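So this first bit is one chain, no partners, the form predicted on its own, shown in structure tokens.
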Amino acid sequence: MDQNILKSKLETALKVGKPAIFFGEVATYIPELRNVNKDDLGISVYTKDGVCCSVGDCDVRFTMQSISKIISLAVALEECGFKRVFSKVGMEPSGEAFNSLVELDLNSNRPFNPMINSGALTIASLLIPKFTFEEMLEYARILCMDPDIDMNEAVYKSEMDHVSRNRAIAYLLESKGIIESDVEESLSFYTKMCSLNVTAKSLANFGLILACDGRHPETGEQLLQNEVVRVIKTIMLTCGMYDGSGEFAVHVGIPTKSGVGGGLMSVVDNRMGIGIYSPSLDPKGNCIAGRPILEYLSQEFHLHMFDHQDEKE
């Protein structure tokens, strides 16, 4: 892809997305997240043929929040296996908010999928007997091709000081026999992963690795098994934007994961990774500027996964 053309399109996408910021709000249920600049907006793209292009606030560090669920799921699938993971969590959209416990208490004996908080807490409980947080941090640095990723201590403390809802979910999971590890350790591990500081560029890097079926785009090293990446991309498409995933899939058609820190990570299979940062959120907890930005890029570059192949070439 020509870098000049890409940069021009990204600058236009920035203008397309910026007006939406006014209609969103930053996350306030985690007090530390109130301190971010609502008007920040950055887009980064890293293509399979080696083109890197960024516009806007792409070097601003923010916490991954729920995008970290992708890293945890990848490691769990690699180390625990498909059957073990999906004996504990389902793979269906929940139709409820990301922090809901209603469907878990009334409709199911296990979380609907690994992208909602109940599912991610379950995944964390599978990982803590096998990995330290420091090992997971190093894994995140490798997958995002960003050695400067670290934990945001202030956000971690802020989240742990206001963790009552996730704590309730975790103990409900323990009561159902889903969480078998220490509940408080699982809760802390999950919150530390959510508190990892990344940039839009970090997310584009990770997205490209997933677009390349788990291979490092520069070294060719196989970082994740093909089968693991296929599962992850599918769940990103069906569940990655919470209870807005279906509408997003229709209009954008790119597997994407959001986080309430304002990040979006998108995977255009065999073509590119896209990272977006804008902390202004819609009512579902997704980056509000990300939808028009990605819809524009999807149309301009025929990125929708069901666009005709000859249009992509």
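Each residue number is its position in the shown sequence, starting from 1. Here the structure is a predicted model, which means the values were calculated and not measured.
Keep in mind that the form predicted together with ligand GLU is not shown, yet the notes after this line are about it.
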item: All of G42, S202 and Y277 with a heavy atom within 4.5 Å of ligand GLU in the predicted complex; value: no
item: Contact stretch among 247 to 255, 62 to 70, 266 to 274, 46 to 54 - heavy atom within 4.5 Å of ligand GLU in the predicted complex; value: 62 to 70
item: Residue contact check: M236 to ligand GLU in the predicted complex, 4.5 Å heavy atom; value: no
item: 4.5 angstroms heavy atom contact with ligand GLU in the predicted complex for F206; value: no
item: Proximity of N113 to ligand GLU in the predicted complex, heavy atoms at 4.5 Å; value: no
item: Any non-hydrogen atom of F189 within 4.5 angstroms of ligand GLU in the predicted complex; value: no
item: Partner-contacting position among C144, M241, C194, A124 - heavy atom within 4.5 Å of ligand GLU in the predicted complex; value: C194
item: In the predicted complex: members of 148 to 172 within 4.5 Å of ligand GLU, any heavy atom; value: E159, N166
